[in-house]
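Let's start with one chain on its own, the form predicted on its own, as structure tokens.
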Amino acid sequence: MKRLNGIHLRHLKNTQDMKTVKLPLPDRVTILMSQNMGAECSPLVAIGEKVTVGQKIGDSSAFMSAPVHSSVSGTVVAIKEHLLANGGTCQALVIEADGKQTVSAEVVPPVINDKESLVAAVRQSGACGLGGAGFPTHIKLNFDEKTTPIDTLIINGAECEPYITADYRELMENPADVIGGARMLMNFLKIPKTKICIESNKPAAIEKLKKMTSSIPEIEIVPLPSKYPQGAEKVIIYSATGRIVKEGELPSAQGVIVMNVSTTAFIFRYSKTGMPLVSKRLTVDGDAVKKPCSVEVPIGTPISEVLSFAKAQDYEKILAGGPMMGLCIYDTSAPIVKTNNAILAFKKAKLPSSTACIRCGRCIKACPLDLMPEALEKAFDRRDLAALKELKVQLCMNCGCCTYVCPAKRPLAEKNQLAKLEVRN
């Protein structure tokens, strides 16, 4: 195997030893009808209607979709348009909590006895990739074993971004759920082996999982080099198996399925309790945060309440996610969604000035997919779509390595994202 490119970052895992605490119940939540990759859901309840915890309140008949559920019991007080970070909009339900947290009668453990019932249950749970992209999990599991046989399940516990420790806390607090979820998926999907992949900067988690799986030969704990972006899907597949997912391919084409640690553990808990995805563990950190913490919050909670709980003050920049791939938050009244794993608050937001490219090649050496960011930038600047395609801009995973290492502070990763949109359109 060739050496993977990438970069070494300061870990800044300030919350790694902090047990998860629960956020006080908010007075109101705003549940977005679009919380994962794919089609927006349609509301299933009306203004004035009472709802309960775990009740399905939005769904879609589209293939690429997952339902959404109420995280509180209370009354629907508004249905409105919500502006998303990507400039689009979706419908959102505003629910006034009654403080009782009455559980819905819909919350019953699913009956799972084969692949079909597993896939159906996972869809009903509202599960999607909790590591960031939000791909509906049931679609990933519903592969055709005749055309794309899967021999390896990879559980992604790399969590390579600075600050974020949400998946690490899952490994430390609920390791039995992670292992139970892996075994359940292996059983019903007939996958012979699992690799639980954890970056080497998490020795306590590696040791704990190794002890717990010592008598389970089909599950291997794989320590990964601590190098960003080790947790990216194509990167972790190569690191764990040596297989290369080609342009336009899904991991299943290489006999692999990748599941996030927290997603795997959630599916196991759902199989036992029937409680759908209604809360999320977050890392709250940054130099404007007085009380960094790992906190479990109801989905739909305003970001402002999360920041207040962590005593964030005098911040200029708020990120949902890590400093490398996170999204800037323009309005702290925006709600927590399924794919959030961190809220970071920083005091200064000054952007560096760009200077001319000095052709040093650092961006090329850093790119984990062997792209040529300098050439891609030039092709984008002249809107040369043919060159962008030839240079394989669609392979870019927006990891930000190129921008990070550039001594001229060129916005390379940012332009790649715009270039991908140009090519797509």
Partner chain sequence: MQNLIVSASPHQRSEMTTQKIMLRVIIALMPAVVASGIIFGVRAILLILLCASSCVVFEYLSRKLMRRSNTIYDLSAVVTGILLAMNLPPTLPFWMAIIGSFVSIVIVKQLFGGLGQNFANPAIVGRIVLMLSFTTQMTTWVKPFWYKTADLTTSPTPLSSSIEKLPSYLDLFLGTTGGCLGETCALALLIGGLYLAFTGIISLSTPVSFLGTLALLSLIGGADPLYQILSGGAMIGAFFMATDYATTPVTNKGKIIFGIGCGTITFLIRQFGSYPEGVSFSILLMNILTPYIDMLTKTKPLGAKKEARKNG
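Numbering follows the first chain given and starts at 1. Keep in mind it's a predicted model, so treat the numbers as computed, not measured.
Not pictured, yet referred to below: the form predicted together with the partner chain.
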Interface segment, criterion being heavy atoms within 4.5 Å of the partner chain in the predicted complex, picked from 50 to 58, 31 to 39, 355 to 363, 65 to 73: 355 to 363
Non-hydrogen atom contact Glu247 with the partner chain in the predicted complex at 4.5 angstroms: yes
The partner chain contact in the predicted complex: Gly300, any heavy atom under 4.5 Å: no
Glu316 within 4.5 Å of the partner chain in the predicted complex, heavy atoms: yes
Partner contact for Ile179 in the predicted complex: the partner chain, 4.5 angstroms, heavy atom: no
Site test, Asp114, Ile154 and Asn187 vs the partner chain in the predicted complex, non-hydrogen atom cutoff 4.5 Å: no
Partner-contacting position among Ala349, Val108, Val77, Ala133 - heavy atom within 4.5 Å of the partner chain in the predicted complex: Ala349
